[in-house]
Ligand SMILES: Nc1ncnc2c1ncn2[C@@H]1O[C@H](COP(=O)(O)OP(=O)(O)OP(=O)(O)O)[C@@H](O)[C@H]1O
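A lone chain, given as C-alpha cells: the form predicted alone.
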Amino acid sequence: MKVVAIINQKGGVGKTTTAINLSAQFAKEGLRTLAIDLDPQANMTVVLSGGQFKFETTISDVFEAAKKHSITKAIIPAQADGDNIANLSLCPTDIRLSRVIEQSLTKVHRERILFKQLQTIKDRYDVVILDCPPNLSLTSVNAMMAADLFLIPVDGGSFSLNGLADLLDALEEVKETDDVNFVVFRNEYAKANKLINNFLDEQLNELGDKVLKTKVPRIEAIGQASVSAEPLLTYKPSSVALNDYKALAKEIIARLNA
C-alpha cells in the first residue's frame, strides 16, 4: 500500500479537486483506492459520498478515540449518482475535525495516529490519497508521517509558489530527511496566460525532475462536477481533462514504484 498526500499551505490551488479526480482515476485503473478527507471543510467528503453530510463514523472520531473508533469503521464505498464507484472507498470527515485535532495535542504519539491506523488496513488497499488542509496543523503532520509521496499542486496565480520553501522545510523536518519524496505539478493551467506561465516555469525549473510533465487545465467541467457531487470521470466521461488525470496518475505511480 502506497500513501500519497496532496498538500500545499496555499488555499485555492485545487488540492481537493485533484484528490477527488486522481482517486477516481486510480480506481478506474483497477487499483484498490482509499480517499481520506483530512480537511474540515469536507468538500471531498461531499463529492465522493454523492452529496452526503452526515456519517456514523468519520476520521474525526478516529483522531478523537482510535481505540473505540478504528479507521475501518469510518470507511464507506465512494458513490456517484447513486451508485458505488468500483475500487474506490472514502473515509469522510466533518467540521469537528479542527476541534478534535486541537484536543489531540496532548496525546502521546499524536503525530502517528493516522500512520498507525493505516498500518491496520495496508493489505486492503493499493493506494491511499490524503486530502490535506491548507495549513501545517497536527492533521497535516499526521499526513506527513504517513505519506510515501507528497503531491504539491501549483495553480496559475502569480503567488502560487508562496510558502513552497516553508512547506518543503516542514516536510524535511517531519520526515527527518533532506531527501523528501515530493513532486510538484501545474494545476488549473491556462495556456493563454503566457506571462504567468513563463514566470512559474522559470521558478519551477530550479526543482528539476521534481516537477511533473503533466499539466491539468482550468476547465469549467471540473468545477461543475464537484458542484454536482461527482468526480469528473462520471460527470463528463468525454472530458479531455480526463486524459490529463490519467497521465498524472501514471507519473505518480512511476514515482511510487521508483
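In this text the structure is predicted, and so the values were computed from the model without any measurement. The first residue of the sequence shown is number 1, and the count goes up from there.
Same protein, other form: the form predicted together with this ligand, not shown, and the subject of what follows.
Spell out, yes or no, whether the shortest heavy atom distance between T16 and this ligand in the predicted bound form is within 4.5 Å.
Flag for T16 set to yes.
Is Q41 a contact residue for this ligand in the predicted bound form, using a 4.5 Å heavy atom cut-off?
Heavy-atom contact with this ligand at 4.5 Å: present for Q41.
Heavy atoms within 4.5 Å of this ligand in the predicted bound form: does T139 have any?
Result no; T139 lies far from this ligand in the predicted bound form.
Please check if G156 has a heavy atom lying within 4.5 Å of any heavy atom of this ligand in the predicted bound form.
No.
Answer with one of V216, L233, A27, V62: the residue that has a non-hydrogen atom within 4.5 Å of this ligand in the predicted bound form.
Filtering the options by heavy-atom distance leaves V216.
Just one of 92-100, 71-79, 183-191, 168-176 has heavy atoms within 4.5 Å of this ligand in the predicted bound form; which?
Only one stretch passes the 4.5 Å heavy-atom test: 183-191.
Sequence order please: the residues of 127-146 with a heavy atom within 4.5 Å of this ligand in the predicted bound form.
Residue within 4.5 Å: P134 only.
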